[in-house]
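Each of two forms of one protein chain follows alone as structure tokens, named structure 1 and structure 2.
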Structure 1
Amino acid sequence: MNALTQRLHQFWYQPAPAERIAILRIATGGFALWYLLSRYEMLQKLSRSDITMFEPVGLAKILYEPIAPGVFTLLLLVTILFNVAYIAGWKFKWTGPVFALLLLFLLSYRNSWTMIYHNRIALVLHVFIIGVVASADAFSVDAWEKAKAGAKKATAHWRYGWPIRLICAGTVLTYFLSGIAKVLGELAWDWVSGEAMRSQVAIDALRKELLGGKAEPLFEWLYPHAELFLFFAIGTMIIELGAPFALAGRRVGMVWAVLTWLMHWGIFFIMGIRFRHHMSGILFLPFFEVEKLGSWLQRVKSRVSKAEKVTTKQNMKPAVVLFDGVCNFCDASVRFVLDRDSKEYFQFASLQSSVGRRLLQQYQAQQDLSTIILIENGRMYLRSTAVLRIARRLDGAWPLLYGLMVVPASVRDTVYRWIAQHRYQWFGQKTVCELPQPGIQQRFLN
């Protein structure tokens, strides 16, 4: 019993730096402020709705009738002011709990009209937990005033660690309950077949078409491929029912957080449904040591600077991408990179070409048409690692994908191999390698 108690104590009361929960306070409070400001007009309009549509839920049940529009506007402005104080960490002992209660009431009131929106539940939970604990001992007005008075800087302590653990546990629980609901529903484990998800997505697309909208382009391509929905359904169940394992360790939690974040972006691209709190990544920040972001970026900047110096000394030797020359998907991927490589950093060669075979022999690699290969600065990179290293050199926001390097290569490569195995079936193939178009021939090695 003592061993179990000790393990529970270590789990819940692991020390954490004050900076970590302070960053969570700023990020979560910042999202809440964006929500209130961006929905300001909508919330005011809602307060003037037909009284017959009002059915109080949650904290709003203390009301017998809707709040007068003028009073509601005042309440909204007061909430925004406390939101700013929450972010700044000013008089946080009072402003933190008050803002948490105001936001809970405001969103309960918002859900009391026509329908309940569940996608803000996690935001309210996070704001509430952060608001009632010592979250302003760093990066705040309170901390600045204490430092000015000669107080010592806050050091790592369990009082900063347990609230973060509680936030992670609450987040994990919501996804786990979602998985349980699927298993206990009418379809039970048949949900894993992917047909239920496919039908749900199709109904959503049909509803949009009937109401004058338009289905997402990605859905139109995906719908005929039933096997992809099988993959998505299995992945969803693993993420939801496997959510408790995210509490087993920091690395497991980080991987789960990244995969869940990607799942929400997948929902957006397929169905156009925006879970903004989830898609922003703020919901998943508690699973990361966010206070180390500054030093990590500094190290990355230093490494990039050193790499640029080495590259300059090597007269900017272009990196070489080896690809399957008869694969339509690979060909489209090469054109995608060409369109976004304004610095002309990459050169290309098919794996079937004499140059491709010579490079494979030089780096003692087997000819595997199922993988893309990147040769950069004298090193060879395969599969998902090659893809992410290519992405970091492209124009626009594509370098952000390089952050997926935190996901273990074994996990990334499993997804990569599955796509590679079906690329001919899904996208087709050519009988011969096509010659590059005029104007980009110099980018292809013969």
Structure 2
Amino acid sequence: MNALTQRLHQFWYQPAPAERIAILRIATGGFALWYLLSRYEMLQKLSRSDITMFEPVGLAKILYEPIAPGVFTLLLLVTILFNVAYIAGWKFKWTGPVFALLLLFLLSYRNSWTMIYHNRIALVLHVFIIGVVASADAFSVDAWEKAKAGAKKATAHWRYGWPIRLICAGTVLTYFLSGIAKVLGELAWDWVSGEAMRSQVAIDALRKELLGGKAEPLFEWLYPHAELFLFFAIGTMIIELGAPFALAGRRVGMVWAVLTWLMHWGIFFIMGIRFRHHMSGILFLPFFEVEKLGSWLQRVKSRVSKAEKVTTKQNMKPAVVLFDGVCNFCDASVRFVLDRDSKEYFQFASLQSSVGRRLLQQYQAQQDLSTIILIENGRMYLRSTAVLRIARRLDGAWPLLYGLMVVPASVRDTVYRWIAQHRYQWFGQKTVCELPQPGIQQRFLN
């Protein structure tokens, strides 16, 4: 008994670095943000649909009737704001739990309209666990502020380990229950013959065709090969009923995670069903030592940059930033980049200069003073994409902003255009392009 307790203690309270759970916070938060932004219009449309379809589930059960569309939009916007705070790890003690609750409510409400999306349940579970524990002790605004105040960097501790264990256990449990449901169902172990799976996939394909869609090409090829479904069914059962073994050790967990991830891609290719949280791999990240990925990438990056230094010392072609030379805001932005570009990766030219005009002509672009332009590796990037690609090359934590590339360009560019439209009004305008100060002149192509 004592040995078992000790083993359980070791299992739950194994120390983990603060960076691991911080990465999980950013990844789950990033996925939730992508979901809310990409479904923004659909969610609003849903809140205005036929109220007879409203059957509240989960936390939404506190409602007697649907929320007014205006209130729903406000709730959605507040959730998005808390989502950003959750990713940034800002005032996390409050924003973490509040975002977890808001997301739980919002997705319960979304599921109250005739459909329960079980894959979103996994997302909410992960956000909930991460949101209520100390997951902002690294890679966060809170951690940055603490470091500024002289606090020591967080070291590996069980308080970062057990939430990850809990997430893994929760994930494994959902698959295990799914397997148990099959065995306890009408077909029991006959499900393994593959015939039920074949029928289920055929029903789904037929539904798609009758409702104006098309069955997946892989399904059309697979359907005549009934024997293959036997292997798929056995594989599914091994993954689902064998899920608890994923908790036995890190390597077993990683293998199980990869197999399950592949299963979801298989479902996508055969049935066209997108379990995005699963297919992206974010659901399975807790099974991996994700913090090591950063140092691995850094090693690869340093090797590449060493090689680059050797080969490009003489014929280096840095990226060129084209900006509006008479705009105070753009001028300040260029200085901002200059101060944080210790590798001197960027060169600059104003859009009004002869060099700027020549580059625009070379890339067959029109002179549009309302956008910053980045020319990098022979390609031209505009608006928010240019800004984020510039941030990627800056010193400090600024490259983290590049994660915002997951937000659809149309949404990012709307914000960019709004700022660009008001830049003269807010920050003023110059009558002429100023010459760069000595010391940084070589960075300007004008």
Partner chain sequence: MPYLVGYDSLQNRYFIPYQYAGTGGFNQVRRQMRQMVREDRHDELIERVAQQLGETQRSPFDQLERVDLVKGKYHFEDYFLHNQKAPISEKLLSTRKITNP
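Just so it is clear, the structure is predicted and the values come from calculations on it, not from any experiment. Think of the rigid core as the biggest set of C-alphas that the two forms share within 1.5 Å after superposition. Throughout, residue numbering runs from 1 along the sequence of structure 1.
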- Item | Of structures 1 and 2, the one that is the form predicted alone | 1
- Is residue 379 one of the residues whose C-alpha moves 2 Å or more between structure 1 and structure 2 after the core fit? yes
- Message: Checking residue 342 here: with the core superposed, does its CA move 2 Å or more between structure 1 and structure 2?
- Response: yes
- Message: Given a core-based superposition, decide whether the C-alpha of residue 415 shifts by 2 Å or more between structure 1 and structure 2.
- Response: yes
- On a rigid core superposition, how far has the CA of residue 400 moved between structure 1 and structure 2, in Å, if you could check? 22.4
